[in-house]
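The chain below stands alone and is given in structure tokens; this is the form predicted alone.
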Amino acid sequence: MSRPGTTPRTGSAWTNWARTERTTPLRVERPRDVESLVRVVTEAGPSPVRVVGAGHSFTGAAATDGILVSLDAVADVESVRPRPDGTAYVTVGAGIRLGALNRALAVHGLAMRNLGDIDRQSIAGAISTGTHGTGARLGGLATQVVGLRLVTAAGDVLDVDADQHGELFQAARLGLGAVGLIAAVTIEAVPAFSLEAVEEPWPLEQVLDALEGPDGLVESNDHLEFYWFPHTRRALTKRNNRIDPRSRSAAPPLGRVRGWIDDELLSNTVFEATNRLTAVARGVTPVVNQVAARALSARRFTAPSFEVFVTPRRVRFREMEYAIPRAALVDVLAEVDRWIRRTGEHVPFPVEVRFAAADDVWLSTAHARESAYVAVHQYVRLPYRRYFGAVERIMAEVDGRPHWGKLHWLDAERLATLYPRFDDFRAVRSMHDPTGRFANPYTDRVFGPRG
């Protein structure tokens, strides 16, 4: 029974994918269109309103003890508008999952120009937290957004883009949902394309030596990433480049059996088993990593872009990721390696490194600088705070910017020194949500007080 004068909670407990956040909202709303989304906002009373997608943020970005809004039913493809240059403006409901969006675009002969390696997120959640892929000439997902439909704290519905409500558009396309609820997203899609994937284990020194320069790995590949296995000097490199699948030089598609062995059996089933082993016998971690790094085999295949970008991830983990100046990458990795060796910390998960072009999105982690991304992970059954805290201190030395949807401990005071347009964002937030309708503890921590 509820106490007199209180509103009974009808929402069940909500937990994010990484099991780092848990809350019981006052209630959960599942609007089916923009009109019902407006009603949720205008009838919320004093309760804050937060939207949740797939819950793939490792932070408390979506958590609320107020009204939790799921946009799973707002997930249609509204329109596809071809443009003379072969691209198209595609408008979709904010709740559409990236996997469904990729399949829908393919039906129209279209694709997103870049993606991350997980497709479970909603499009609104992915852009709002700064999700990105890899590619020295490419930006994150928010750079592909050309328009948004927003529900404001006052209940108004606004279509915003670079020309209409330009500052609100800048703040909303990567802003943790703190300036308005996104009801629809318009992206600039490109003609569908195939990628040739070349995945090879390399000595870590060889990777680091070959990264930079006009013919270096970063500049000479459309998409480059690598995974370094702590406690070893080995890495898995992934180079993905556009190719005509009909070309004689194109590699054949990945066979179904080989794909299942690599991506399901080894990368998920076996990897889960080895992580469970290291959770109960941490001392075997260096040996496990040495075996895993040497067991990797090279492969080369061609497939539609989204099939190459996306990797099935079924092993649950916690993650921190920082964007740093590209020139600082080698020194930063050396510092992380020295800390692991010095402390004896056992890290069974590889460190992931990716790259992005500079962009002009106000709160993009790559704002105005070419960036390398360093992501550290820890298995869900292992403690992570000491490791992640050490990495965060190393990143601070090079003015690293934390991924908005991954674990970090920075606050508005520090973040304001890292983003040239931070105060502009906060001014837009104060103007469009002066009472904190869309606030929660995480947004208040990273953006500071309103007003």
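Values in this document were obtained by computation on a predicted structure and should not be read as measured data. The first residue of the sequence shown is number 1, and the count goes up from there.
Just so you know, the form predicted together with a small molecule exists too; it's not on screen, but the next bit is about it.
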So in the predicted bound form, are His165, Leu168 and Arg421 all sitting within 4.5 Å of the small molecule, heavy atoms only?
-> no
Which of 300-308, 246-254, 116-124, 186-194 sits within 4.5 Å of the small molecule in the predicted bound form, heavy atom basis | 116-124
Would His132 count as a contact of the small molecule in the predicted bound form, using a 4.5 angstroms cut-off between non-hydrogen atoms?
-> yes
Spell out, yes or no, whether the shortest heavy atom distance between Arg313 and the small molecule in the predicted bound form is within 4.5 Å.
-> yes
Could you tell me if Tyr384 has a non-hydrogen atom within 4.5 Å of the small molecule in the predicted bound form?
-> no
Contact flag, Gly55 vs the small molecule in the predicted bound form, heavy atom cut 4.5 Å | yes
Of Trp362, Trp202, Trp339, Phe317, the one that lies within 4.5 Å of the small molecule in the predicted bound form (heavy atoms) | Phe317
